[in-house]
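Only one chain is shown below, in structure tokens, and it's the form predicted on its own.
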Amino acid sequence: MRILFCSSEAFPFSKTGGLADMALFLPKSLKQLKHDVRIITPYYSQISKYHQEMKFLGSSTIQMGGLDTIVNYYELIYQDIPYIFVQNMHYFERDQLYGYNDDAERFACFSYAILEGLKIFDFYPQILHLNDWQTGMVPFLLDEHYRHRNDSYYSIHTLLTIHNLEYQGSFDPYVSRFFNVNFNYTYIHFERVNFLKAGIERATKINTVSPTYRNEILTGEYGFTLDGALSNRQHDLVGILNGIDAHVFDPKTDPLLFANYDSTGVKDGKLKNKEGILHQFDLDVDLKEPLIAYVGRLATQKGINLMTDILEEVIYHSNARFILMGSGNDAYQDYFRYLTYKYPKRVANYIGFNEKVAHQIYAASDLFMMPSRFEPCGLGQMIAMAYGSLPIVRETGGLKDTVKPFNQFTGEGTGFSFSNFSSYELKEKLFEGIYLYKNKKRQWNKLVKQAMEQDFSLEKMALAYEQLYQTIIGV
């Protein structure tokens, strides 16, 4: 199949979140399945350092709402995948990727550029794989302006992947002038232009990044006001679980760790990594006590407020160590600093992100917290399990799909989970995990082995997308 993966960010060239990783992981895995896949993404300012490696493909004039602007197309091959960069100095070569007053105009331009570019680089895909609101207008623009041009445009199918429904691209109604059509309710939602709603209305199929999240967004609680539009398309809505790169997140070969290990030598391997990280953060080194970690954004969506409610109580009533890595909300950052100041030999924080240290924390920790309010998929819990760190998660979205709760009677499970968004329930699961680690070593070791044997591979994810693509094009 011919697939063009359309993303507003793509690792390693641009990144604010998990979408950038998926823009490499999925196309790379599809390439291994012998599909002709390419990536198209904006040419941001930080990408200029790669300019000498690029090949110029051509230019096109974008007309939208009486504005004319020229975009240039450049190609660079990375890990055997062609990346096509859309260059426009005015719209894209800025310090940040998003957050500007003209974001609607910027990503309307990118949407047109995707469709205009097909004839420039002579690649008419069977599937335009769109991602999040930044490309949500593409199916509408394809229908209104391009399908009638030739058979190649007419036969294109579209898949819209929703990575996080909370972000929708909602703008003042005046931006509709960029779409070069008479007023149309396809893109109107609560009297505002909504890019994601347009994609939901017009894409051939829609998917989310976990089966449970697919079901959750059909409800008022998780639908962020688009549950009605999604319910109208629920028969075209699919949930496919994200995957992680098993080669990158493999404790047996990971070069960033203090010591390598696999599921057969996990006990000694984790102790060596724990000793290394405790020394590194100047915490008391007592290897009989559990190390509890968090790595991720400091945002209410991630359940940080649940952690701030109960962590001191857990620290007071246990002898566990804590390492917390992340950045975001200032109040949460200050709270982590406060804990470290008050308990300097028990708690450490890393405000920001460091890839090497993150890998070391995964390998050293015994328990890993992800008490999210909602979680479309989540990768942290999968990475933690790969390193033998048992996740403590709320049963929502991809967390529910990936973590099997511990059953004390059968020994089944790969972690600990709780159902309500409750600090009390999080606290109970933390104490359950600490107790099991200290007093039920046989059960604990079995859980760790079961967690490490889970398959969240990119290959498994790519096969699921391949099947969905085949359904879309009727193969």
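Because the structure is predicted, anything quoted here is derived from the model rather than measured. In case it trips you up, residue 1 is the first one in the sequence shown, and so on.
Another form, the form predicted together with a small molecule, is not on view; read the next lines as being about it.
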The small molecule contact at Ala358 in the predicted complex, heavy atom, 4.5 Å: yes
Is Lys460 a contact residue for the small molecule in the predicted complex, using a 4.5 Å heavy atom cut-off? no
Report whether the minimum heavy atom distance between Glu466 and the small molecule in the predicted complex is within 4.5 Å. no
Determine whether any heavy atom of Phe353 comes within 4.5 Å of a heavy atom of the small molecule in the predicted complex, and answer yes or no. yes
Within 4.5 Å of the small molecule in the predicted complex by heavy atoms, the stretch out of 272-280, 105-113, 137-145, 372-380 is 372-380
Of the residues Arg321, Arg394, His129, Lys302, which one places a heavy atom within 4.5 Å of the small molecule in the predicted complex? Lys302
Single option in Phe85, Tyr362, Phe178, Phe195 placed near the small molecule in the predicted complex, where near means a heavy atom within 4.5 Å: Tyr362
